[in-house]
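First, one chain by itself: the form predicted on its own, in structure tokens.
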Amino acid sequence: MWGLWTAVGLVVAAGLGLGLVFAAADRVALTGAGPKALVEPVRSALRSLLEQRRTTLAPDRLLWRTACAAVPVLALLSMAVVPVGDRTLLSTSADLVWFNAMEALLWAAVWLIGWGPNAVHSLVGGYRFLAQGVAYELPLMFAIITAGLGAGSLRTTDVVAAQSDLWFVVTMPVAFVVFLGSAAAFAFWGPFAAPAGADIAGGVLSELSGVERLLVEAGRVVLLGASAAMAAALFLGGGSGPWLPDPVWQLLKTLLVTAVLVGVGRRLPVLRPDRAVELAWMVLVPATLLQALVVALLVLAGAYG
């Protein structure tokens, strides 16, 4: 039992740490700030704890509060199947399905955040996210399953072990890019931030304040940090590497993915909601299906051992 609680504590600490690193990197990309960027997310969190809670007319408080609390919880639960070395906190026969399921539930939670306040801008943002989540769920699922197809398993530790000779990003570049893009879409961040756009006064975030806003913002960056860690495991060999211990390699690759995601994502314009959905249905779904077909042929040819 003590070992279990220790593992849970480590996963929570890792998730919050990755979220803090992502928030700091994001702030550096936006403002060009130096080392102070590491401190600013903590200051913002403390200010949120002291901020007065905003109220609206006739909100659905139960759904609203529950959804706000669910966002960071689901983001942390997605970390449970990210492998560190040869272990995960939660080991199932379908770890990849678990990770995808947490993001699908997050989609529902964010929509409820838009619905709960009973406010126009929040509701419009919620419906934008609803359309975006539906569009990007399939590309994300295909990208994840492609990695499982190459490994012949849905366990994340097996996917990492299958990359001992060749990282999957070499033969699955489309799946790698789509995975990161879909993670950004589910966190409505970067070019997919239309659900929280300035044209609708902040959208799903417009009525959030105090602890609720802190929970949602923390959940978003934790999800992005967890997605960077999972991308390192699924496509960059996880902890495999010479000389250094496995956890160190996992961390270095996660930081590399974070830097690439922030560097690219903050240089792209925010897509109009209809353009974001069109990109998913017309480009990403066919691209990921073609990628899965190529990987299936490579599996039949014995390319993955």
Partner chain sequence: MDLTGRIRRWALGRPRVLVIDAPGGERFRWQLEDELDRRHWPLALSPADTDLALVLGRPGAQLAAAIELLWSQVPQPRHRQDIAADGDLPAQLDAASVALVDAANRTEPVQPGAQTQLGNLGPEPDDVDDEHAGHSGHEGHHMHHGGDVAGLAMADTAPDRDGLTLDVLRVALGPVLPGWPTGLVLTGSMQGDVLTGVELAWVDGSDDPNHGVLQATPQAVAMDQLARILLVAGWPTAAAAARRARRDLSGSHPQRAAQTQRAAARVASRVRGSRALRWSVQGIGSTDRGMTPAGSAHAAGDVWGGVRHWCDVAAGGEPVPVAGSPRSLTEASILLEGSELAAARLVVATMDLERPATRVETESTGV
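Numbering follows the first chain given and starts at 1. Note that the structure is a prediction, hence the values are computed from the model and not measured.
There is another form of the same protein, the form predicted in complex with its partner chain; it is not shown, and what comes next is about it.
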Checklist entry - Using 4.5 Å between non-hydrogen atoms, is Pro242 touching its partner chain in the model of the complex? => result no
Item to check | Heavy atom of Glu212 within 4.5 Å of its partner chain in the model of the complex | outcome: no
Item to check | Partner proximity in the model of the complex: Ala198 to its partner chain, non-hydrogen atom cutoff 4.5 Å | outcome: yes
Item to check | Val170: touches its partner chain in the model of the complex, heavy atom cutoff 4.5 angstroms | outcome: no
Checklist outcome for this item: Assert contact_stretch over 162 to 170, 231 to 239, 127 to 135, 176 to 184 against its partner chain in the model of the complex, heavy atom within 4.5 Å, equals 127 to 135
Checklist entry - Here the chain is shown alone; which of Ala259, Ala69, Leu251, Leu279 has a heavy atom within 4.5 Å of its partner chain in the model of the complex? => result Leu279
Next on the checklist: Suppose contact means any heavy atom within 4.5 Å; which members of 117 to 145 contact its partner chain in the model of the complex?
Outcome noted: Pro117, Asn118, Ala119, Val120, His121, Leu123, Val124, Tyr127, Arg128
